[in-house]
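This document starts with one chain, in the form predicted on its own, laid out as C-alpha cells.
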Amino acid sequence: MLILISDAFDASLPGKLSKYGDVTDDKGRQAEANVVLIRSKTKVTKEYIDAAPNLKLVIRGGVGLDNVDLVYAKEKGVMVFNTAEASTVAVAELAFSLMIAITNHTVAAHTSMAEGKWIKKELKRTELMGKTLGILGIGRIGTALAMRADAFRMRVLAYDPAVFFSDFADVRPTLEEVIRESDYISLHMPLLDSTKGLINKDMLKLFKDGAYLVNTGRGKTVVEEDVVEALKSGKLAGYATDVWYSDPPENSPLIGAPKTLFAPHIGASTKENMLRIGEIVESLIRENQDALK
C-alpha cells in the first residue's frame, strides 16, 4: 500500500504510518497511491481522482470537505473522511483570541509602540463582558467557543439549522433573530450552496450598528466586497478573519480595508492539533485496512 502525504502534517506522521505500507510526499507518485492525506491545499477533484486509479481512501486533516468532490469519489468507490473532532480546541481558541484582539486593538497597540509612537488616547477598547455573541453554526467548534464566552460572562445566542437545543447557548429558530441581537457574530458554518455568500449586503443591514464579525469557518460564506463597504460605513466596527476565498488570497478587497484583523488560515495549526490529526489519520487507516487491500 502506498500512502501519499500531499499536504503539511506533523513530522512524526510518516513514521507512525510506515507500519501500514510505503509513505511518501512525492506528488509525482499520485497514480500509485492507495491513500492520499490532504489538508486545504490539495483539491481532490474529478480530474485528480481519475489521475489516481489506485486511490481507495482520502483523509482530510481538518473539518470541511469542500475541497473534495464527494459525489465523484463515492461513484468511484473512494472512501473519504475528515478529522473534524481534532480541530475543535484550536479553532475555538483562535476565534476567541481574534475577538479579544480586535476589540482591544492589540495589533495596533503593539505596532505603534514598536514604531516609537504613543497613541494611548486613540485606542478605545471595548470589553466582552455583558455583550451578546451570536454563533452561526453551533457544532463542535461553535460549542467550544460558547463555553469560552460563558467564562467571560457573555450572553450567547446561536443559530444552526440542524441544532434545536444547546447547554451552552440560547438557540434561536432564525438566523436573522441572532444577527439582530448580537454585538459579535462568529461564523462556524460549512461551505454549502445555502451558506455561500450568506453574509452579504442585505444580511449586513440586519447587523447592529458597530457589531463585530469574526470568521474562522469558510471564507466564501461572506461577500468580501459587501463586508468592506460595511466597514467603511461604520456598520461593522471590525472584521477578523482566518479564512479566505483562496490560500493565499488573490486580489481580495479586504486587504487594505479599515478595521480588520487577518490571519493566514492558521486555525488548525497548533502543535497539539496536528498530533491529534495524526492520531485520527492512523486510526482511520488501521480501521480500513481490509478495504484497502
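Quick caveat, the model's predicted, so the values are computed rather than measured. Numbering starts at 1 and runs along the sequence shown.
Below, we turn to the form predicted together with ligand NAD, even though it does not appear here.
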item	value
Contact test in the predicted complex: Lys56 vs ligand NAD, heavy atoms, 4.5 Å	no
Ligand NAD contact in the predicted complex: Pro249, any heavy atom under 4.5 Å	no
In the predicted complex, Thr195 touching ligand NAD (heavy atom, 4.5 Å)	yes
Close approach of Asp242 to ligand NAD in the predicted complex, 4.5 Å, heavy atom	yes
Full three-residue contact with ligand NAD in the predicted complex, heavy atom 4.5 Å, for Lys201, Pro253 and Lys259	no
Candidate stretches 22-30, 42-50, 259-267, 226-234, one within 4.5 Å of ligand NAD in the predicted complex by heavy atom	259-267
Contacting member of Ala151, Ala162, Met129, Ala114, with respect to ligand NAD in the predicted complex [4.5 Å, heavy atom]	Ala162
Listed residue (Arg140, His105, Arg172, Arg155) with a non-hydrogen atom within 4.5 angstroms of ligand NAD in the predicted complex	Arg140
Stretch 212-229 - residues with a heavy atom within 4.5 Å of ligand NAD in the predicted complex	Thr216, Gly217, Arg218
